[in-house]
Ligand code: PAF
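The chain that follows stands alone, in the form predicted alone, written as structure tokens.
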Amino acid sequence: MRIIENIAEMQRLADAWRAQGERIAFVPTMGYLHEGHLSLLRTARQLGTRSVISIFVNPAQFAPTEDLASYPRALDRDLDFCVQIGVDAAFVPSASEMYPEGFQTYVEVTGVTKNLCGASRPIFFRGVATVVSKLFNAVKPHTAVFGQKDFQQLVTIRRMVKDLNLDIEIVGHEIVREKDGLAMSSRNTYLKAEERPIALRLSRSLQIARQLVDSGEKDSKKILKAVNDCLTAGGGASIDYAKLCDTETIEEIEKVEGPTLLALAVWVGKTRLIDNCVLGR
């Protein structure tokens, strides 16, 4: 596996592969890999003849009060995982490589980023869109794989690719969960032992909502009340948002009359967890 730290070197390798007729499949990550990431990498290997991962904790998407400094990192372990999966190249740039002195150009996707995490983390999606566009320019992939746990991010990247006429196929990968139902996330390591049962309310509340919709309930208020009741029963959890939205516009809806995103962001102690499912399909 090639380990590349320089953008120009990554571009030269991508150009060489493309000249040889290879198909490049790409998985962007912030590292501290878990089975969810590895599942994305396995899918990428199936979709392309060459697979690339990026490992970069992107400072542009963190507000000053957020966990940039404490975000978990384990580069050597991550690279070992990549070798085991059979990844062809790992792009691991520094912050100064991605954002050199004088950097002042950002990519902003507007409408689909206003709600949910965009409302709670105002600079987040500008940072995401900017870094992903830069990574696309470095890796030059034919296809890129993103997890559906970050559903709004997936919608945002698809919107950016469409609006900017980027010749890249964006593939969404289903959420990978722990055996107990918790959606896999690097931030799960922040949870204390006594907080884990509280965190499981997220997946449980999704199940409750699905059961309601499957039994014929369409009223958003009734569904969200059941979700909120599940999340807050017993204390220990603070809801950032629990909303039902259109799967393409991310605008809130009053009735479930087709595929509808149920998106959650919940604080369990000092850990902010997100989860989602699509109802009514």
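None of the values given here were measured: they were computed from a predicted structure. Numbering starts at 1 and runs along the sequence shown.
Not pictured, yet referred to below: the form predicted in complex with the ligand.
Answer range among 147 to 155, 85 to 93, 106 to 114, 162 to 170 for contact with the ligand, defined in the predicted bound form as heavy atoms within 4.5 Å = Of the stretches listed, the one contacting the partner is 147 to 155.
ask   = the ligand isn't shown here, but in the predicted bound form which of Val128, Ile175, Leu202, Ala138 has a heavy atom within 4.5 Å of it?
value = Exactly one residue meets the criterion: Val128.
inquiry  = Within 4.5 Å, heavy atoms only, which of Ile239, Leu38, Val213, Met30 is in contact with the ligand in the predicted bound form?
reply    = Here the answer is residue option Met30.
Partner contacts in the predicted bound form for 243 to 276 (non-hydrogen atom within 4.5 angstroms of the ligand) = The stretch does not touch the partner at all.
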